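First, one chain by itself in structure tokens, the form predicted alone.
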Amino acid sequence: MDYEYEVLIIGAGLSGLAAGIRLAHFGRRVCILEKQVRAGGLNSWYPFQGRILDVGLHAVTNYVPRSVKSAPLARILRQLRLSHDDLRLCPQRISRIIFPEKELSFTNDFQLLVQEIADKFPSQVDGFLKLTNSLADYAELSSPGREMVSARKVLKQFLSDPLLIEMLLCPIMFYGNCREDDMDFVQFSILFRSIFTEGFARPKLGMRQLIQLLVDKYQESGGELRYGCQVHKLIINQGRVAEVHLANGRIMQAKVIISTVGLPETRSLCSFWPAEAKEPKPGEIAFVESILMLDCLPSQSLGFETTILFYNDTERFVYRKPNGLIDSLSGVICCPNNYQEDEQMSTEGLVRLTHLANFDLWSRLDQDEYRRQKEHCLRESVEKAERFIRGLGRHIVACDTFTPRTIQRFTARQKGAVYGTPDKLPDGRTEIKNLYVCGTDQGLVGIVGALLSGITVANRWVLYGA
């Protein structure tokens, strides 16, 4: 059959763009269908009161300097034919994990964290180093049929201090865990490396810079990108996607379909799903985030030099859907100004406050109550943050808050679950023969994870035909 396109990609997020770039490089006829008016998906940007705000960007994890050639970031640059300079990454200054009893600091130099643990948990440092040497790798993540191994159980084999275990889990879970309270050890390993062993950076001009770089690369390579094209239905015939029906009534066909919109969301688009296949469940982990714009730079006027602060007010870190609208007993405070070289880019400060949230409760509110609760949660969040950034509230000149409801409305991600379903597809294959998923529900999260996911799916199932 002579298809109009060899590959149709649903969603112009980072994984979709990476897959498209890879395929277009090799002359494949590829088209990305994006329902919004701009690319980026869960990691996009938007205009707000004359400013450009990033949707999901706290940090690019897996940062390594250009001299390192074997890390995931280096592999992505090779595969997408980009240079390290193209990304214009500013490394973090210093980040902190703060619990009631102790505090740990870390940078992109892993030895600082080792020294911090040696100083504050001297009996644990040998076990911590053994844990570091036992981490699983990316190859194990992509093994189909692999059973989940509890990260908490594995950590207890190396570490005897419960507080250290909770402190290590806090940033790792906040930055990529789709499960409540525990996580897969392989997923833990990937995130441990991306956060602690390698580290944080930020594109100098934010996500708009990175997204535009990827869009330009894709289109220069011959790929087609259509905005305002929402996929309405995937028509399944004889175990394959035979037709892609758009909301505007157009019908498209392709040899291969790659979906980046999530596994449960992709399943809901299909006209048929095999009865024997497991029904993917939406995730329960969702967040409320407030972006605060300040009339000063936090490091200069407020004495706050931390790049990202993870805090928890209880002895044990609780990571689950809260009973209330948000759980302010733990949270993340991110200051985009506090990356190296980034402060000189603006005289206005930015602070992002993030908490676990309950989608079900947010979804039941009428519009007036919804607005009131957003304001109430913002005040609660700022009060918590002022323990670490004294005087923060007095310097806020504008703010914007988004909830799991916001995420679902703009991305169609069920329950606003940014880390997707716990039912991952490590190799990207679905029960439909020519339908693959990449992105969060392949099991790779964050900016680097999303890019790597798109690359691996394009390579394995289209270019190399495994």
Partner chain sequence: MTQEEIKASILDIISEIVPDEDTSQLDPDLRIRDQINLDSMDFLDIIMELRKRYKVEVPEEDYPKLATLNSCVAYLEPLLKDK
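Positions refer to the first chain, counted from 1. From a predicted model like this one, the values you see are computed outputs, not experimental measurements.
Keep in mind that the form predicted in complex with the partner chain is not shown, yet the notes after this line are about it.
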Task: Contact segment among 235-243, 367-375, 67-75, 298-306, judged by heavy atoms lying within 4.5 Å of the partner chain in the model of the complex - done: 67-75
Open item on the list: So the partner chain isn't shown here. In the model of the complex, which residue out of Arg88, Arg387, Arg394, Arg81 has a non-hydrogen atom within 4.5 Å of it?
Closed with: Arg81
Task: Contact test in the model of the complex: Arg429 vs the partner chain, heavy atoms, 4.5 Å - done: no
Task: Val448, heavy atom within 4.5 angstroms of the partner chain in the model of the complex - done: no
Open item on the list: With the partner left out here, check for me: in the model of the complex, does some heavy atom of Arg405 sit within 4.5 Å of the partner chain?
Closed with: no
Open item on the list: Is Arg28 part of the interface with the partner chain in the model of the complex - any heavy atom within 4.5 Å?
Closed with: yes
